[in-house]
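As structure tokens, one chain now follows by itself in the form predicted on its own.
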Amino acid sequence: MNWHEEYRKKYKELKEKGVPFFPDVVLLDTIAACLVFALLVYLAAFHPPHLEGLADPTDTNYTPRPEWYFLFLFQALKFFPGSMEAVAAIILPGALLGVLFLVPFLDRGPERHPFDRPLWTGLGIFGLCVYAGLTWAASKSPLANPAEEKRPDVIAGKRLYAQLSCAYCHQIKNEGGRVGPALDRLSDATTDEWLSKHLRDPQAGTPGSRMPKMNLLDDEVSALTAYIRSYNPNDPFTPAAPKLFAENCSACHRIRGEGGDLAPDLSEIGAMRDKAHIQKYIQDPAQFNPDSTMPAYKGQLKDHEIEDLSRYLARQRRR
């Protein structure tokens, strides 16, 4: 008797000793489905997922990250930069799917216990370890551009800026036209009141201005003002701020060619990060980058010193 016939005989014996599909097996399946459903209801009610702001296709600073079950592929891409990305994104996953498809044809032995199939069991465990390792590494990797909560009026102003095609004449972060001034590099003397007046009637605020009157509503003026001012905080720093930077930061960072080169150049940090982000980062860098070697200055510097240093760094833009 070959193993095929022995298998069929044993299957028949076990089937005769088994339980009926209905209602026994159906009842067990129903209980399992209800438990899973109850777990999903509990998670949705008491542990809802963290949602970020609305997707903004004009935001070039945002770094998207996949859900946890695709983090392994996200991490694998880091080992194949540039033109080699196709290897990690297409070739290797395709090869693995091909192996999984061929397993039933390659492993045709009668043994079913994992210990009796050391080759395929070992390959499976190795694959799970690689998957878990890449997923863990990706979950611990720092966010290049952490998602931050933004003011609703700033978000509304950004959308309005795009809808009105302001970028035809103005620049923000070196993108846009050169007819008007760069809106992220306005004079420090520019105030909310001046901006509001200029947006309502450019010729009244700046005689001879080529900017047309847009007939904006009050809410639209407020939103555009908030968005433009988010790049021009107009928060003065004290004369002690440069000294604070020199004593605490210049060993690793540099500004306009002066300082160390162990950490990023901060000459344009104000064009990329606002004061609130800079202040939080100085207080505790680990909340943004768990692998950061920069110490947390909360407790080392006084609160007003961190505030002063943040204002100083937020003003760092190349003119």
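Just so we're clear, the structure is a prediction, and the values are computed from it rather than from any experiment. Residue positions are given as counts along the sequence shown, with the first one as 1.
This next part talks about the form predicted together with heme C (HEC), which is not shown.
Student: Name the stretch: of 127 to 135, 114 to 122, 91 to 99, 201 to 209, exactly one has residues whose heavy atoms fall within 4.5 Å of heme C (HEC) in the model of the complex.
Tutor: Of the stretches listed, the one contacting the partner is 201 to 209.
Student: Even though the partner isn't displayed, in the model of the complex is residue 65 close enough to heme C (HEC), meaning a heavy atom within 4.5 Å?
Tutor: Output for residue 65 is no: heavy atoms all beyond 4.5 Å of heme C (HEC).
Student: In the model of the complex, is there a heavy atom of heme C (HEC) that lies within 4.5 Å of any heavy atom of residue 195, even though the partner is absent here?
Tutor: Yes.
Student: Evaluate residue 164 for contact with heme C (HEC) in the model of the complex, applying a 4.5 angstroms cut-off between non-hydrogen atoms, and reply yes or no.
Tutor: Residue 164: yes, in contact with heme C (HEC) in the model of the complex.
Student: Mark residue 277 yes when one of its heavy atoms lies within 4.5 Å of a heavy atom of heme C (HEC) in the model of the complex, and no otherwise.
Tutor: Residue 277: contacts heme C (HEC) in the model of the complex.
Student: What I'd like checked is whether 155, 226 and 260 together line heme C (HEC) in the model of the complex, meaning each has a non-hydrogen atom within 4.5 Å of it.
Tutor: No, none of the three is in contact.
Student: If you apply a 4.5 angstroms heavy atom cut-off, which residues in 252 to 266 are near heme C (HEC) in the model of the complex?
Tutor: Result: 252, 253, 262, 263, 264, 266.
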